[in-house]
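As structure tokens, one chain now follows by itself in the form predicted alone.
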Amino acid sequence: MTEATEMGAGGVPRVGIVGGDGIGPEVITQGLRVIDAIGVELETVDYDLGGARYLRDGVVLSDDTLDEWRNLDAIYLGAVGTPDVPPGVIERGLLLKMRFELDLYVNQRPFVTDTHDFVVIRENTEGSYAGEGGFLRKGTPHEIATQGSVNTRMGAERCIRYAFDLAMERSKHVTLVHKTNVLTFSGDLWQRAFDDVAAEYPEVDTAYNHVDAACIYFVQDPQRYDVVVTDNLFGDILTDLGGAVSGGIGLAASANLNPSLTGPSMFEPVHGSAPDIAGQNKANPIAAIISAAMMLRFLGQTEAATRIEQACHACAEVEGSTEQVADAVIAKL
């Protein structure tokens, strides 16, 4: 991951901790154990947010909390959501609100196994998730629902530029994934932005895949990829597929980044709150630990991040309780 900041010698990063729901607090606890074991000091601030908090007092994410977060260096989130909360309440009120308000415009997901190593850069604040649309004659036989996709040149270009910067640190190859043959407006904007940025990076090779073809290649030939850049909706789908072909979604880590540093970035495993196994010490903490490593790298702790990532990959096949898996990672540091 591109290092967005370097902490000063006397500067201890301030990190907001959102354990959340279900297995979230369990895996975050182990991630913090690993950070402590490697000797990185953090100043942590705990926040009680998620489905359980919403059911208790109706709070999802207040503006006061958002204002506090603007003074943090990072946010480390376990998982949020409970079956008793209607779909969309926590997603839009917490996760999407966080992305939009803190301008977390890059979602970065690494996929590393013995056979492949690639990363997906997903635009994180626009597209189909921007909320454009509405109903006409709702609840009648003639109901109409529209759901637009918002794509700005600035939004696409800054995400694409981040992908090229990252590729310069890796194998110097970037693939744009879209559906330009059908989405002739948004696809055209993305393709032109991609071509213009690519011209500034002559050392980087480029490719283009339609998203349906990319789904096939993710399964049959993931070795072709180094850095993939795509829009919000396609990135959401592709990253889950990438997790499935890279050890399972339970091992998938992610970063929601504000590379401009106008606010904190957020780091989280993407496996969900898994309420069916919560409190049983069964959850695999590897995704949370890799997310912690991504956070440390973004905060300038490159050596510690690399050591943690290497330890996690060495322990990818380790079985045991949540705590035992983390113990194995710590033993490999």
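Start at 1 and count along the sequence shown; that's the residue number. Here the structure is a predicted model, which means the values were calculated and not measured.
The form predicted together with a small molecule is left out here; the points below concern that form.
Student: Identify whether the small molecule in the predicted bound form is within 4.5 Å of every residue in the set 91, 122 and 236, based on non-hydrogen atoms.
Tutor: So, yes: the whole triplet contacts the small molecule.
Student: Picking from 91 to 99, 192 to 200, 68 to 76, 210 to 218, which part of the chain touches the small molecule in the predicted bound form when contact means heavy atoms within 4.5 Å?
Tutor: That would be stretch 91 to 99.
Student: Applying a 4.5 Å heavy atom distance criterion, does residue 268 contact the small molecule in the predicted bound form?
Tutor: Heavy-atom contact with the small molecule at 4.5 Å: present for residue 268.
Student: Does residue 161 reach the small molecule in the predicted bound form, with heavy atoms at most 4.5 Å apart?
Tutor: Result no; residue 161 lies far from the small molecule in the predicted bound form.
Student: May I ask you to state whether residue 129 is within 4.5 Å of the small molecule in the predicted bound form, using heavy atom distances?
Tutor: Yes.
Student: For residue 178, is any heavy atom within 4.5 Å of the small molecule in the predicted bound form, or not?
Tutor: Judged by the heavy-atom cut-off of 4.5 Å, residue 178 is well away from the small molecule in the predicted bound form.
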